[in-house]
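In the form predicted on its own, a lone chain appears below as structure tokens.
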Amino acid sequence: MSVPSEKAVGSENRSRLSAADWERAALDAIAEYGLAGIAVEPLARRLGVTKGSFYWHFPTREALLKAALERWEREDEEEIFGPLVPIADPRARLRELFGRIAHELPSHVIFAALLKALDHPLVLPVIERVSQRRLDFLTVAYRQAGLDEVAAALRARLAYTAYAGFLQLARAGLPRISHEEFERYMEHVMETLLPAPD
């Protein structure tokens, strides 16, 4: 019985894993460990392959980080905002948005981790783009809900900072609140941030 050559094994690993597999593993590592989690050897172990598989797809760790951030940015927009687009009523759209971001989605955990790495040159532009898109989405919804331009922009900023602050507090090691307390909190958020109906 012949033993497969190292070249054959490497080809098998490369064919089993795509660049997308590495990008998803990198995002999982960011969610767990922050940016420090992106290291080739631990990611290879996590994926059950050798480092050779990594270098088949990416020349450097930074190239993987860039691709992973682009994937997160794209999927975050689709996951968070995609389902909201068909909702015509702006108050219902905002309520649905607040309900969606209240759940601990992987995208939120990654966002919170990236906020701690804004000094990295690849992270800052991504967070700036994501934040601007989110603020624009909120501002448009508030304008459509009847607020004037200035009030809509201010309310959008308040809603976004409440979201970012809540995520940071959740990762600060504070005791988790009960389900009932969280439901009361979310009702308070809705009452505070949703414009009053006409």
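In this text, residue numbers run from 1 along the sequence as written. What you see is a predicted model; the values in this text were computed from it and never measured.
The form predicted in complex with the DNA exists for this protein as well; it is not shown, and the discussion that follows is about that form.
- For the three marked residues, 84, 98 and 103, no heavy atom of any sits within 4.5 Å of the DNA in the model of the complex.
- Though the partner is left out of this view, residue 140 does not reach within 4.5 Å of the DNA in the model of the complex, counting heavy atoms only.
- Contact between residue 60 and the DNA in the model of the complex is found at the 4.5 Å heavy atom cutoff.
- Contact between residue 67 and the DNA in the model of the complex is not found at the 4.5 Å heavy atom cutoff.
- Although the partner is absent here, residue 146 is not a contact residue: none of its heavy atoms lies within 4.5 angstroms of the DNA in the model of the complex.
- Stretch-level contact analysis of 41-49, 147-155, 131-139, 25-33 against the DNA in the model of the complex, using heavy atoms and a 4.5 Å limit, identifies 41-49.
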